[in-house]
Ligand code: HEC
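Starting off, we have a lone chain in the form predicted on its own, written out as structure tokens.
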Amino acid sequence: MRRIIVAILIAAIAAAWWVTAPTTLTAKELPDITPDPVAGERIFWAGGCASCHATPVDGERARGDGKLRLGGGMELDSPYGVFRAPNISPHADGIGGWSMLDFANAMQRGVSPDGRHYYPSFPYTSYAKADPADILHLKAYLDTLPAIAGRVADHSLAFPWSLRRGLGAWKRLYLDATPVIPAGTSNALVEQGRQLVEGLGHCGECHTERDLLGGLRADRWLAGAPSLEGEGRVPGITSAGKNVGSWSDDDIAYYLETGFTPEFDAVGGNMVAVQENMARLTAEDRQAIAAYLKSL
């Protein structure tokens, strides 16, 4: 009987180890392209990289050219603890020594070059839905930015959230490269918007409710959610939403470009940084985002 119990325990431990193990891309799975830093600049703004990774100045978000100094340091105080955005500049303290494969695995699998799971405060579950070619273009652009020395302190999380290994099981539930909303249209502009909203723009990370395990609820996609920082509520942005539902496609695109609503109100809160990023995109990109949101 003792041998049977021991065998069961060993099998259970082996199964748990397998379930929680990082899964990564291989070099053969990367697109065979020459990464283009010019194309990568668009991805940089669409992905909102500066909003988290630009080094704060006097405790405030970076402005102007400061958004290109990606030394990290911004803190997100969440119900799970304090997450700190790392240095992603092309310095050895950041991602300067990373290969394209390292970067792709971080962005789309949530795995570090040394094989550790990243916490989903880094929205890799959204970036997993992006075009892999765009991820490589982004890395090419990041490599052109200023190299910033300095490593950011690790996250401050309580048990059991401090155990990274368990994220492997979490990823098996929530890391999925397929679209959130099944494609039901041949409209190219809507599909372009899907890539930006579901993937690069990771809009669902703030505008969608989470379940008890912290995963996004697909049945409440973009319908609004409690603020991750514990105060107030992030509004819904579907066609049934209080605000966006009454806006036209042009209203939404104009808001993303200028920060002004059809009622002549101005963007506020954390959305300021998002809107500033969206203003850097093309007019077609903003129209595509609007077309996708109005299609929901």
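The structure presented is a predicted model; accordingly, all values stated were derived computationally and were not measured. Numbering starts at 1 and runs along the sequence shown.
One more form of this protein exists, namely the form predicted in complex with the ligand; it is left out here, but the text below deals with it.
- Across the proposed site, Cys206, Val244 and Ile289 without exception bring a heavy atom within 4.5 Å of the ligand in the model of the complex.
- For the residues His137, Lys129, His155, Arg109, the 4.5 Å heavy atom test against the ligand in the model of the complex is passed only by His155.
- Interface residue among Ala39, Met271, Leu68, Leu30, judged by heavy atoms within 4.5 Å of the ligand in the model of the complex: Met271.
- At the 4.5 Å threshold, heavy atoms of Val57 stay clear of the ligand in the model of the complex, well away from it.
- In the model of the complex, the ligand sits beyond 4.5 Å of every heavy atom of Arg220.
- The ligand is not drawn, but in the model of the complex it has a heavy atom within 4.5 Å of Ser121.
- Contact annotation for Ile181: none of its heavy atoms lies within 4.5 Å of the ligand in the model of the complex.
- Along 255 to 270, residues Tyr255, Leu256, Ala266, Val267, Gly268, Asn270 each place a heavy atom within 4.5 Å of the ligand in the model of the complex.
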